[in-house]
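We begin with a single chain expressed as structure tokens, specifically the form predicted on its own.
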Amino acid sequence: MILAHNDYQLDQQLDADVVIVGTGAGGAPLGAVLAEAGLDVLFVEEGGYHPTTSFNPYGTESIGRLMRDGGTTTIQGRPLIPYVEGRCVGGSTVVNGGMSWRTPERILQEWQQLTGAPELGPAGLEPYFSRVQHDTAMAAQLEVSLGDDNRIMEAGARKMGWLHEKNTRGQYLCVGCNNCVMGCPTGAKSSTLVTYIPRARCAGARCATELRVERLILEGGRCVGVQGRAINPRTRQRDKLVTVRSKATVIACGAVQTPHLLLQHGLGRPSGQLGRNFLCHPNAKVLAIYPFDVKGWQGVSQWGQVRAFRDEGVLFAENMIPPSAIAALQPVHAQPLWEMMHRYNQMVLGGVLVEDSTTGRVLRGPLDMAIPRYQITPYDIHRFISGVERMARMHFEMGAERVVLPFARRHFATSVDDLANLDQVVRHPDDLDLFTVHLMGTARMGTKPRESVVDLNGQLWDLPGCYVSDASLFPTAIGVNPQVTIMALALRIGERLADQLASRAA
């Protein structure tokens, strides 16, 4: 059963064994585990339910209905960093590229050492990674789905002597229509919309959509549910009160919205870490324009990554996006932009992703607004300069005639000579144009109340009955796309919660 705004009364009460706030990579796998264990599960989703048949390439329609605030959310700091959160059934898994990387073993070893918990080490999480790999059909792309932009990146890496690795992606028979960020119109991408949510629904789970949770219900020192307002999809007004009472409550809203919800209740007191340790894996876009047609929109996004510099915490990836989004990123307007976009078929867009060297914080702002803050370091600036310069050189080696740089004081390069002395051009954080979609770390998991926000079961140290299941749990940055890690932790928490509720019932 999927409920929407019209299905709620002005003052509605619902009941469930477990209420899960969020339907993305953290909420959906956990909900499937619980529902298949025979528990009454109710998902709560702020966005709407949009089936595969509704997805299309029209940004003016898709972005507004699938992303929070129409994709205009921004991390405060120097520089400002735009980010994207999915707001629909399936969450950000509906609007991401489907890249599926396991947490690097060195990171898991670090987690094990940091927390003293073998459960978070390579051996402890291996069974859950294997299950995610099976559940989401993680595999390399079919050769027919590749576009020439990916082939240029691979050939360029080979020419420069760099390691290029094929991505595994959560997909089945993806044909490479490259509409990932606006919803997969073929259903090939293994978002939770087409994987874990259907499994949960087949086992009896319900989903209450168009409902924003505003507070937890606390009784006797426990969390016994949530309360929120239904959102009219036309007016965006919150006009109906909905209360959900449950035996257990799971917050799976992502690394920004989860701490935002929990902070209003003064939680995280033992460690003071709730909302802190915010990580965002920032990246800079590099756009190359060639003198011949590439047609990067024909073929899958991010077939592979240049991983030659991973010891520096730097990755390169191709990431072609729709023309409207590319146009919005350009440092020119009017006629020059019009002329540039006429060459869309000749463009190759890539990203320089830099692993976090610092952390930020998420705060509660006015009008129920979450405010993430993050400040990049001089070390980050150095890595962005080095990474952009390397990627631009590669494109010139491959025959590009122009490269658009993500630097406020040098927008364009027409030869390698224009890449000289970039460290003299880019001196301050505000000289960089960055972006991100990987948000992590604000409710870290651990074994000690004074060092973490939740325990190894995902339960808040200072609020029994309330659990977290999303990227907020990460003890440290992971340096790769976080979806697989989130899902693995969600399966693990789901198993433990199912056992706890079963033993309590007995």
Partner chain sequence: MPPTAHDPTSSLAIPPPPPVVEPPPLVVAGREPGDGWQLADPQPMGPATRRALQGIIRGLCPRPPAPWSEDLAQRIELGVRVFLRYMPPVMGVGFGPMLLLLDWAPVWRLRGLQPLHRWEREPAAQLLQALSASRLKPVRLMIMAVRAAVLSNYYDQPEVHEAMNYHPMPFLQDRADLRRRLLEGQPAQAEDLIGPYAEVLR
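Every value quoted in this text rests on a predicted model; they were computed, and no experiment measured them. Residue numbers count along the first chain shown, from 1.
Not pictured, yet referred to below: the form predicted together with the partner chain.
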_Stretch in contact in the predicted complex with the partner chain, which is absent here, among 118 to 126, 216 to 224, 279 to 287, 136 to 144 (heavy atoms within 4.5 Å)_ = 136 to 144
_For the three residues G48, V294 and M369, which mark the spot I'm curious about, does each lie within 4.5 Å of the partner chain in the predicted complex through at least one heavy atom?_
yes
_Quick check on this chain: which one of T243, T358, N421, T235 has a heavy atom within 4.5 Å of the partner chain in the predicted complex?_
T235
*Have a look at L114, L363, V194, A203 for me and say which one sits with a heavy atom within 4.5 Å of the partner chain in the predicted complex.*
V194
*May I ask you to check whether S271 falls inside a 4.5 Å heavy atom distance of the partner chain in the predicted complex?*
no
*Any chance P57 has a heavy atom within 4.5 Å of the partner chain in the predicted complex?*
yes
*Find out whether any non-hydrogen atom of T52 is located within 4.5 angstroms of the partner chain in the predicted complex, and reply yes or no.*
yes
*asked:* Considering non-hydrogen atoms and a 4.5 Å limit, does the partner chain approach S130 in the predicted complex?
replied: no
*Contacts with the partner chain in the predicted complex, stretch 331 to 352 (heavy atom within 4.5 Å)*: P331, V332, H333, A334, Q335, L337, W338, M341, H342, Y344, N345
